[in-house]
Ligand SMILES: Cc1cc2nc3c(=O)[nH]c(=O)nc-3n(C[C@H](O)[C@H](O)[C@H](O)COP(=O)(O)OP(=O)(O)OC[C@H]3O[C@@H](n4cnc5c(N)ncnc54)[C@H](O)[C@@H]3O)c2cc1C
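In the form predicted on its own, a lone chain appears below as structure tokens.
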């Protein structure tokens, strides 16, 4: 099968790699370089335990999290790239009695053993992370949480894809999806027509613009996320610290990443004083001594967001051969392995292998102005 993948972020590169391993002839189009947008701007957290326990999304996240050790080893073997896969666990600060109650419930839950979930009292918090503010009354610790260097991960997936036979066309912009007689026939890129048996739209926040090229409206928009890194040598923190409004990630490089805003401002390419100030205020509120550290850099990315904050995965209704994998929002790095395998199985065998009804494109696709 001849497949075109549009978008060279983590989802596009990972899926192109899996499709090539499955025997497909794959061409991957990326208008810049792999990971140039949201995938390169992320913090690389792999934290699958959300509030919606038992939901389809949590099952998807857990399945992907469980694939990561295998994926990291495979990519290292095929490319020689070390993606800084680190397991030190995440501290979730508890500030009031309700926080403590919820943490105790998670400790008693069915995933507590696999994830090493513990409820820490004030003394245990001070023993593990003495730099945390005194108003932190306790913590939920998830010992099995990981993080990776997401920039290296995208490069590793891209190199592995090329080694598996994927034709990577960097610096090539897809302007239109070719839809004729109810099916896709390929894409138009830099003015040239490229034929394909199937097309996968994995262009992140820009997927909606590609849908518009053949008259459809897909409700995906950019959610700008600003971040700041502090120089963190010697380190003040040894674990990721994750509260409701900020997360702190100590990187092996000596940086402490602080993120991230969530802003519906379209494609405004800027770092703002207000955005960075809000992150620093929240971070210093949790770890007061951070206020003395120098700022290393600031940046932003455009995460693809759908109105229910869930991914959009599957075949495009009424267009044979057209598929979509987008709207991973804040979970693109975490969900890349399972998305790649799920989409590969689905596109090559007709079966996704997991429960996917909740992620169907139909829920946010307006067909009233579509011409097929």
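Residue numbers count along the first chain shown, from 1. Just so you know, these numbers come straight off a predicted model, no measurement behind them.
The discussion below concerns the form predicted together with the named molecule, not included here.
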- Query: Does each of 30, 42 and 202 have at least one heavy atom within 4.5 Å of the named molecule in the predicted bound form?
  - Reply: yes
- Option touching the named molecule, based on a heavy atom within 4.5 Å in the predicted bound form, out of 256, 283, 210, 72: 210
- Query: Given that the named molecule is left out here, which of 115, 247, 120, 92 has a heavy atom within 4.5 Å of it in the predicted bound form?
  - Reply: 247
- Looking at 56-64, 321-329, 307-315, 340-348, which lies within 4.5 angstroms of the named molecule in the predicted bound form, counting heavy atoms? 321-329
- Query: Counting only non-hydrogen atoms and a 4.5 angstroms cut-off, does residue 272 reach the named molecule in the predicted bound form?
  - Reply: no
- So in the predicted bound form, does any heavy atom of residue 206 sit within 4.5 Å of the named molecule? yes
- Hey, in the predicted bound form, is residue 174 touching the named molecule, heavy atoms inside 4.5 Å? yes
- Task: Indicate whether the named molecule has at least one heavy atom within 4.5 Å of a heavy atom of residue 198 in the predicted bound form.
- Result: no
- Partner contacts in the predicted bound form for 1-24 (non-hydrogen atom within 4.5 angstroms of the named molecule): 6, 7, 8, 9, 10, 11, 12
